[in-house]
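As structure tokens, one chain now follows by itself in the form predicted alone.
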């Protein structure tokens, strides 16, 4: 079928866009694909109709949300891009939850929840662009996992369109429902390979005020780990524990014009309901900057929030996202230079849940030698090759490092059962 005819067929069932350039490149700029057309459905029925057109014409579909993914999971490959951005309806807050369309941004969910006296338990720097649907299918993490868990823990129900156009709708949010497979949770972390998530019921958390925030310098990464362990034990309601290293702090200071910090081997940004002072007294610290009000807390968070922006000024990094057992964070960082092949890496991450972001600068976009070495290092220490960014296209060759042959076979069997023609997100997740 000619592309012009395909676009005409899609326009009969959904809004479409001629702006292909905006959906063909991944957030990092490392990978660019080719879109045949862009469909912009605004209802679940339109999503089903788009899939029907593509299935009838033998054309595969790439599902795309806010485009903030870092593993090329939403980059088209001679496919139709199904954008979820127009699925942007938000329901009222009811009994500590709300229903949001897949195209709603995290910022919108947070604002809606806070106006009703609640909060949403997931937060990360791309909140203004990242969408609910994308965060669900990647099981996104962020800075509050140590308190509330990943996105999976916030999902009370899902509406999704399967590859055959049928709709799975479990949005009631019942506290108890022991009636078989949880098909909604099956969609969480599926990276769009099993169905198109169109709406989600999200669990909300109590809105907290008067949080304590501190940026603490320590003498080693081991001390940073010990500090977080002490805070988990002695502080009340730990909400965030973020690791920064001196090279990253120097870079973000230069880019963002932030004040100097007392020299230290590592820094930990902490946020808790209370008890930070008691916890800090249990370990040796080099220095601690404590926020006195919301404005000073925001200034301390800038050292972490602007890190990705600062790194991007140096070029297009290979962004590797790994998780490790808590006690392996120090050994991993000590062994990391040997895996970098002489290249530079800026590392930061969520020390409270063992997640590190390794941003390698220097290798060509297509050169995956360093990717291989870093991911194998993490796996050899009992870690995962994908902590919160997903697998996408980038990490597909290394999925076997984190999944056994039996698990991979089971995943493929589920994919085949729900999408026998391979219509959805070809080339993503499964090798």
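None of the values given here were measured: they were computed from a predicted structure. Numbering follows the first chain given and starts at 1.
The discussion below concerns the form predicted in complex with a small molecule, not included here.
Q: My question is simply whether residue 27 lines the interface with the small molecule in the model of the complex - judged by any non-hydrogen atom within 4.5 Å.
A: So residue 27 counts as contacting the small molecule.
Q: Applying a 4.5 Å heavy atom distance criterion, does residue 125 contact the small molecule in the model of the complex?
A: Because a heavy atom of residue 125 falls inside 4.5 Å of the small molecule in the model of the complex, the answer is yes.
Q: Look up in the model of the complex whether residue 328 has a non-hydrogen atom within 4.5 angstroms of the small molecule, and give yes or no.
A: No - in the model of the complex, heavy atoms of residue 328 and the small molecule never come within 4.5 Å of each other.
Q: Does at least one non-hydrogen atom of residue 67 fall within 4.5 angstroms of the small molecule in the model of the complex?
A: Within the cut-off, so yes.
Q: Exactly one of 142, 317, 76, 121 has a non-hydrogen atom within 4.5 Å of the small molecule in the model of the complex; which residue is it?
A: Filtering the options by heavy-atom distance leaves 142.
Q: Is the small molecule close enough to 192, 350 and 428 in the model of the complex that each of the three has a heavy atom within 4.5 Å of it?
A: Yes, each of 192, 350 and 428 comes within 4.5 Å of the small molecule in the model of the complex.
Q: Looking at 29 to 37, 372 to 380, 59 to 67, 358 to 366, which one sits within 4.5 Å of the small molecule in the model of the complex if you count heavy atoms only?
A: Partner-contacting stretch among the options: 59 to 67.
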